[in-house]
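The data below hold one chain only, encoded as structure tokens and taken in the form predicted alone.
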Amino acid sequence: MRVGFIGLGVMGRPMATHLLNAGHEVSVWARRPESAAPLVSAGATGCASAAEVARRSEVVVTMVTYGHDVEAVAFGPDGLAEGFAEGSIHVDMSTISPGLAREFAARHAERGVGWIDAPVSGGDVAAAAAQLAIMAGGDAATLERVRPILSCFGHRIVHVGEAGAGQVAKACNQMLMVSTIQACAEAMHLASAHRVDLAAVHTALMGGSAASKVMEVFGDRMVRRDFAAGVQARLHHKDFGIFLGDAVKLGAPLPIAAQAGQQLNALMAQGWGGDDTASLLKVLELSSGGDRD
């Protein structure tokens, strides 16, 4: 297929590479030309604007950070809407609010353009391995048209419902994951306060009912005190802001998530937004007078 890709960051670059490796004809655009250069060298066509990407593509995939980024790429000057032909499809794999996803779907529909919101879980490691979990919202027939593209990124593709439903599932994913990271941090902090071997505690927990992927990955980072960004905490902070705001509007109490959100606020206040979310351990240490190395 003729596929466009915009958002060539840590996640997007390997995803676009998978499309090339699968034999798709790929067009790319980036605000910083150097971001697109490796893809162009690998065989993608570099474009001067998002509109040009849309003109060259049946389907355009976007993977950017914020809702206003999606809006600018899709509907701003030289945006996708200026280049899309009727019957084209915009697949947005960013994490944005469900309300914005529904709004963008409606705006595209006025022009005869399809929409799928398809946020992902798994991070950069799963993106590189083409093992992302994909949560899709939108028309079922439209999803089937783009399934060959999505299958280049991962094989667990779940149609959650209409436009915006994929973003609802992603919000639930982020809520569960970060709340569990916070619980892991508290467990490691308690073990540290007792001055026992954190590596041994982690091994013990991974053999029992407390075991989880979050404990495996983030707990291990806490044990090793490796707070370099695997998943930047600022992105989780952004996601919590989205769904906690929606929860207030919906009247849906989320007490545990709200507490985890406050810990993320404290993390951001320390300037650790570019570090891994395992840094929630450092927030606890700070409140008790420093780490226990």
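Given the structure is predicted, the values throughout are model-derived calculations rather than measurements. Start at 1 and count along the sequence shown; that's the residue number.
Absent from the display: the form predicted together with another copy of the chain. The rest refers to it.
> Report the stretch among 145-153, 68-76, 86-94, 182-190 that approaches another copy of the chain in the predicted bound form to within 4.5 Å, counting heavy atoms only.
Selected range: 182-190.
> Would you check, heavy atoms only and a 4.5 Å threshold, whether Ala266 touches another copy of the chain in the predicted bound form?
No, Ala266 is distant from the partner.
> Taking any heavy atom pair closer than or equal to 4.5 Å as contact, tell me whether Pro255 reaches another copy of the chain in the predicted bound form.
Contact with another copy of the chain, yes.
> Is Gly207 close enough to another copy of the chain in the predicted bound form to count, meaning some heavy atom within 4.5 Å?
Result yes; Gly207 sits at the interface with another copy of the chain in the predicted bound form.
> Is Gly114 one of the residues lying within 4.5 Å of another copy of the chain in the predicted bound form, judged by heavy atom distances?
No - in the predicted bound form, heavy atoms of Gly114 and another copy of the chain never come within 4.5 Å of each other.
> May I ask whether Gly137, Arg224 and Ala233 each come within 4.5 Å of another copy of the chain in the predicted bound form, counting any non-hydrogen atom?
No.
> Which listed residue (Val61, Ala260, Val53, Ala44) meets the criterion of a heavy atom within 4.5 Å of another copy of the chain in the predicted bound form?
None of the other options qualify; the answer is Ala260.
> Could you run down 162-187 and flag each residue that has a heavy atom within 4.5 Å of another copy of the chain in the predicted bound form?
The stretch touches the partner through Ala165, Val168, Ala169, Ala171, Cys172, Asn173, Met175, Leu176, Met177, Ser179, Thr180, Gln182, Ala183, Cys184, Glu186, Ala187.
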